[in-house]
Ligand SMILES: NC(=O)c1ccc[n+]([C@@H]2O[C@H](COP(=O)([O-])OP(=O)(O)OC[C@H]3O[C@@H](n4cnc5c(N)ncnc54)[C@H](OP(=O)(O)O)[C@@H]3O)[C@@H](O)[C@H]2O)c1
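In the block that follows, a single chain appears as structure tokens, in the form predicted on its own.
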């Protein structure tokens, strides 16, 4: 059986990087996508197996990546898409500028849609495909002071659910992974901003946030990557259209 090829977005750090490593360990060929070419080059050298490559670009600028992705897909088509992009800056939604919403939508919803449109005909032909979006627990419960992010994440989740209904007859699954507090540079930046606003130390805010999690710790990126690894496997063939949290039990809803 031919090895599957996966596109992993946001792969230069955090959950994206951990996911690229997990899927490579599981035998997939990986195209890692992010802006930091040096980090992508380093990651590609670390991946187990062969046949990996990377695409250094700004996901919010389709002209910088879409023609290159089309060429890569024509050479060896993608059966797996992990759609992941860094979140917009924090702030009250009432103070957000229109450009902030447009920029975030372009980097998340629009980019996701373009990638799926490029790859789904091959998936339909093969009657197999795996699409995983990485969003946030804010899809279920909005997070204070992350107004633009909450809005965009919810839009991506609604898009993914709708897409899952359209693609299910072709054996293509679409699922949404919702990380909670995870040890990533993104979390560190949010903690630092909150500490500054409250006049507290970074350590004090970290402990406050950990206290909100029943497991009393933050997740490791690899823990979310493990779920993604399962969702793209044959074992998850009947799971689609789902929002699945990796949050240590923090979400206060069923």
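Everything quoted here is computed from the prediction, not taken from an experiment. Numbering follows the first chain given and starts at 1.
Omitted here: the form predicted together with the ligand. The next part is about that form.
Shown alone here, residue 212 lies farther than 4.5 Å from the ligand in the predicted bound form, counting heavy atoms only. The shortest heavy atom separation between residue 47 and the ligand in the predicted bound form exceeds 4.5 Å. In the predicted bound form, the ligand sits beyond 4.5 Å of every heavy atom of residue 202. By the criterion of a heavy atom within 4.5 Å, residue 36 is counted among the residues contacting the ligand in the predicted bound form. Remark: of stretches 225-233, 183-191, 23-31, 66-74, the one touching the ligand in the predicted bound form is 183-191 (heavy atom within 4.5 Å).
Taking a 4.5 Å heavy atom cutoff to the ligand in the predicted bound form, the contacting residues in 78-104 are 84, 85, 86, 87.
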